[in-house]
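Taking the form predicted on its own, here's one chain by itself in structure tokens.
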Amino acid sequence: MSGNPTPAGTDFAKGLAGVVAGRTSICSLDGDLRYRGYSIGPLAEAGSFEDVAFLLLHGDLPTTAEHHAFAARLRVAADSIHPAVIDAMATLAERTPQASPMDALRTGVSMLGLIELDQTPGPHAALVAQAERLLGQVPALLGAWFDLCAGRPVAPWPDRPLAGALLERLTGRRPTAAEEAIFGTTLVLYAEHEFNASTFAARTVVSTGSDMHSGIVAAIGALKGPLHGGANEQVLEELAEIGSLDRVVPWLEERFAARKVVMGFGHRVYKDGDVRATLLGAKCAQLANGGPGEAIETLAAAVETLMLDRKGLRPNLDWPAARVYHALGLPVRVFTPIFVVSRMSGWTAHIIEQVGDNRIIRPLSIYCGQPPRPWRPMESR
């Protein structure tokens, strides 16, 4: 059933801006970003991705015993990817090593669903267990892809918290405690953000009765776009293009004149600034102090000042996150895949919530094409 047609001339919200499309108990953006009622500030300061992922999936922060048991389940999942998936990814890596890691993750998750025979959503407990497996498997897939593209055998998953383990797998070195802490903070800040494009895509897919893996594949596809997750990669490209302080003003003037977006600034929801960018910005400056990222921080500060003065725009999370990842020695092409690893917690929580109180997501549209016209046979066209 298509529902009632929308009358001609009815107002609509382009991009669904400002439209309330549902209810959620997972995340609130009302005045302060909160996960399950907890303000993002203390969660980000603690920097424990396992605690936040547990919170999003289970509804409460874990006890010490629950934390250790949950972290252990994630590590088991990371080490238990079916060999058939690794073999298929090895073939793909040999054939197209230049492929986007986002495409590799999207394909890998799809293969995991095939191996698991994921057809339709199961009961709540089964969905939570499935989500926990994916939380461990997806970062391991990312590490495996980089090994395979480099022609190396896939290394075992490090026996340590997820932030440190992933950073070690992507850089090839054991991170310092400070590096692991700030990387964990980025994972916490990226973990969840209400009905954003990728989360809404995942909820739409499972609202049809489809499976969790299909919802995650759709979410990864949405996050790949430069107006969503891909923005963090473009931030560093912009700063590299500016290059020096004397180029800041002319570079921005060129962007303004061409009416081009400056990635890393502005947000559909946060009109007075992104609290996540504020939290991470200070940590970013501390990390870069005295290191190779210090010059970029000087450029970034100049860009921020001019963007606020000229456009009234403040940074969003992608602006400091890109600089943190650069300072940690991570290649640009992993910036958005790291976003995937983090947002798996939010996506799976939303999928479980959607399945638990489901109605198929089916909005209406306003037709703006040709008026009614008669069909004519081919010989008279």
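If you're wondering where the values come from, they're calculated on a predicted model, not measured in any experiment. We number the residues from 1 along the sequence you see.
The next section is about a form of this same protein that is not shown, the form predicted together with a small molecule.
Legend entry - Heavy atom within 4.5 Å of the small molecule in the model of the complex - residue from 277, 81, 89, 231: For this set of options, the contacting one is 231.
Legend entry - Residue (of 121, 175, 266, 293) lying close to the small molecule in the model of the complex, criterion heavy atoms within 4.5 Å: Filtering the options by heavy-atom distance leaves 266.
Inset, instruction - Look up in the model of the complex whether residue 95 has a non-hydrogen atom within 4.5 angstroms of the small molecule, and give yes or no. - result: Outside the cut-off, so no.
Legend entry - the small molecule contact in the model of the complex: residue 155, any heavy atom under 4.5 Å: No, no contact at 4.5 Å.
Legend entry - Close approach of residue 313 to the small molecule in the model of the complex, 4.5 Å, heavy atom: Taking the distances in the model of the complex, the answer for residue 313 is yes, it comes within 4.5 Å of the small molecule.
Legend entry - Close approach of residue 261 to the small molecule in the model of the complex, 4.5 Å, heavy atom: Heavy-atom contact with the small molecule at 4.5 Å: present for residue 261.
Legend entry - Heavy atom contact within 4.5 Å of the small molecule in the model of the complex, the stretch among 315-323, 29-37, 344-352, 52-60: Correct option: 315-323.
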